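Taking the form predicted alone, here's one chain by itself in structure tokens.
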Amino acid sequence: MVKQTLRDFFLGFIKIHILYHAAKEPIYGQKFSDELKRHGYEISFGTLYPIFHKLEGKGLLISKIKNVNGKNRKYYTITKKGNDVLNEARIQAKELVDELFEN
């Protein structure tokens, strides 16, 4: 139960993390999955891709398909709206995290 609860908590942070990386450079599923593993998170593609699609559906990301070595790969980049959300999320997340570590 603890593991599932923590997973639920961090899914929101993962969305912010996606926006952060999409602001730096175009990202795609496997590369971002590797990024999450670097931080100790294992998220299935069945969870990750719907997050990308929801963020795109909300106008926070835009995708572009590129052919890489004969395979189509969908790259995501942040939109202006996504950047605005990311900036506000940074402020709010910092405030919450700072409070968690006050004492």
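A quick note: this is a predicted structure, and the numbers were derived from the prediction, not measured. Sequential numbering from 1, following the sequence displayed. Under this definition, the rigid core comprises the largest set of C-alpha atoms superposing within 1.5 Å between the forms.
One more form of this protein should be noted, the form predicted in complex with the DNA, which is absent from this view; the next part is about it.
With a cut-off of 4.5 Å between heavy atoms, is residue 41 one of the residues that contacts the DNA in the predicted complex?
No, no contact at 4.5 Å.
Does residue 15 reach the DNA in the predicted complex if we count a contact as any heavy atom within 4.5 Å?
Residue 15: yes, in contact with the DNA in the predicted complex.
Proximity of residue 50 to the DNA in the predicted complex, heavy atoms at 4.5 Å:
Yes, residue 50 lies within 4.5 Å of the DNA in the predicted complex.
Non-hydrogen atom contact residue 26 with the DNA in the predicted complex at 4.5 angstroms
Answer no; every heavy atom of residue 26 is more than 4.5 Å from the DNA in the predicted complex.
Going through 44-74 from first to last, which residues have a non-hydrogen atom within 4.5 Å of the DNA in the predicted complex?
If the 4.5 Å heavy-atom criterion is applied to the DNA in the predicted complex, 44-74 yields 44, 45, 46, 47, 49, 50, 51, 53, 54, 67, 70, 71, 72, 73, 74.
Superposing on the rigid core, is the CA of residue 6 displaced by 2 Å or more between this form and the one not shown?
Yes, residue 6 moves 2 Å or more.
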